[in-house]
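In the block that follows, a single chain appears as structure tokens, in the form predicted alone.
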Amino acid sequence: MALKVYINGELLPEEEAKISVFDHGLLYGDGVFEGIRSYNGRVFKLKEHIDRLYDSAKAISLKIPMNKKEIHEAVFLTLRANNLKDSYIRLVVTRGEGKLGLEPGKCKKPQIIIITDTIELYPPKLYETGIDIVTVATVRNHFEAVNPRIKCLNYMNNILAKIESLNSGATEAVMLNIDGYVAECTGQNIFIVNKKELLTPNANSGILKGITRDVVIELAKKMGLVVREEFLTRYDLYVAEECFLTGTAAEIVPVVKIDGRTVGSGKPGPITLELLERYRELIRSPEATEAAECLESGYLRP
């Protein structure tokens, strides 16, 4: 069955889902987006994702022509149309169709697009064995250039880093900020474990403040771990006992090698594995309503 795609209030078969070649999202990467997950008929952290979408839009002076409740309902409408139990949701708002040239005011109607599909960022085996990551030369965007807190459509900075990691034979890239501190990976936040403390770059390191990142921090605190958000260097990564990445699509993926250096025993560490287990329990727990936004009857057809 062909997927249905939501565009400006209309559900269209995927082969008919089109936007103008003059859309500034296509021409200039002018727009914002969110990647969201649904599990077992529930959408995980939908409120937080929608709040961040509006924050990103406000930061680039893009007025979304729907309120948050309407966006919420549109997400469920699209999920219901595709009848997907576990899915990846891509919620996109572009500046809309306009004239050639950068002036945003020439775009009169922003476009709202919702795609629901399945996703597999890494093969399942890598969650058991771990991945290798490498520091790349591409520096994370400076916060006074394109602030990484804005989840915008222009991902060239991340793409260039991803190309570097793939060319080096690594699974993922670590990006540093302009001052040489660890920022994040191409689409994931990074954590390390050392001396029973969980460490992650702080919000001023040049990171997207991830929804999954926040969930993991809360889970870690419930486990009794000391969690610190601070400036980290590559040295901190090299001496870490454990390392893992977090993201909506990636969830929690263990890291076993950094720049050719083995992390810990070379296998996913015990704290990483416990966090992964607790995270998987949380996202699939019907009782975890504080962690999952859902309609009273769910969105799946009876």
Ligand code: PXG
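Counting begins at 1, following the sequence as shown. What you are looking at is a predicted structure, and each value in this text was computed from that prediction instead of being measured.
One more form of this protein, predicted together with the named molecule, exists but is not displayed; see below.
Contact annotation for residue 95: none of its heavy atoms lies within 4.5 Å of the named molecule in the model of the complex. At a distance threshold of 4.5 angstroms between non-hydrogen atoms, residue 246 is in contact with the named molecule in the model of the complex. Interface residue remark: residue 49 is counted as part of the site for the named molecule in the model of the complex, having a heavy atom within 4.5 Å. For the chain shown alone, residue 165 is not a contact residue for the named molecule in the model of the complex, no non-hydrogen atom being within 4.5 angstroms. Only one segment in the set 72 to 80, 87 to 95, 228 to 236, 108 to 116 has residues whose heavy atoms sit within 4.5 Å of the named molecule in the model of the complex; it is 87 to 95. Within 4.5 Å of the named molecule in the model of the complex, a heavy atom is found for all three of 151, 158 and 186. In the model of the complex, the residues of 203 to 224 lying within 4.5 Å of the named molecule by at least one heavy atom are, in order, 208, 210, 211, 212, 213.
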